[in-house]
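Shown below, as structure tokens, is a lone chain in the form predicted alone; questions about how it binds or moves come after it.
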């Protein structure tokens, strides 16, 4: 994988992911598989269905992610590790909350990518 390839794929993935999350979280289902794991604020769930259920049940109506930094590295078997920092605006809150999120994308048999690992954490202080 050329140096520019993985970073461009990471950028496109992050843009798609947060646009989809901010408009319709249920639409994220196609990005996860049964072996995918999400850790959200220290609670973990396994599998595409439970992950989308968790994301859809979060206690806010409107959300907007603002990405501050995006770093990526190639991993084994054509995977990509992505680390994001940013700010999160929810509902009518005027002060954004800082967050960090890490994704490990892996290749599926068709050559596309899916989210194998997803870790999200709010940063307080």
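Source: prediction; values computed, not measured. Residue numbers count along the first chain shown, from 1.
FYI, the form predicted together with another copy of the chain isn't displayed, but the following is about it.
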Fill in: Contact test in the model of the complex: residue 117 vs another copy of the chain, heavy atoms, 4.5 Å
yes
Discussion item. I'd like to know whether residue 41 contacts another copy of the chain in the model of the complex, with contact meaning heavy atoms within 4.5 angstroms.
Written reply: yes
Discussion item. I'd like to know whether residue 81 contacts another copy of the chain in the model of the complex, with contact meaning heavy atoms within 4.5 angstroms.
Written reply: yes
Practice prompt. May I ask you to check whether residue 74 falls inside a 4.5 Å heavy atom distance of another copy of the chain in the model of the complex?
Written response: yes
Discussion item. Looking at 90, 37, 28, 67 here, can you tell me which has any non-hydrogen atom within 4.5 angstroms of another copy of the chain in the model of the complex?
Written reply: 37
Item to complete: Kindly indicate whether 19, 23 and 63 are, all three, within 4.5 angstroms of another copy of the chain in the model of the complex, using heavy atoms.
Response: no
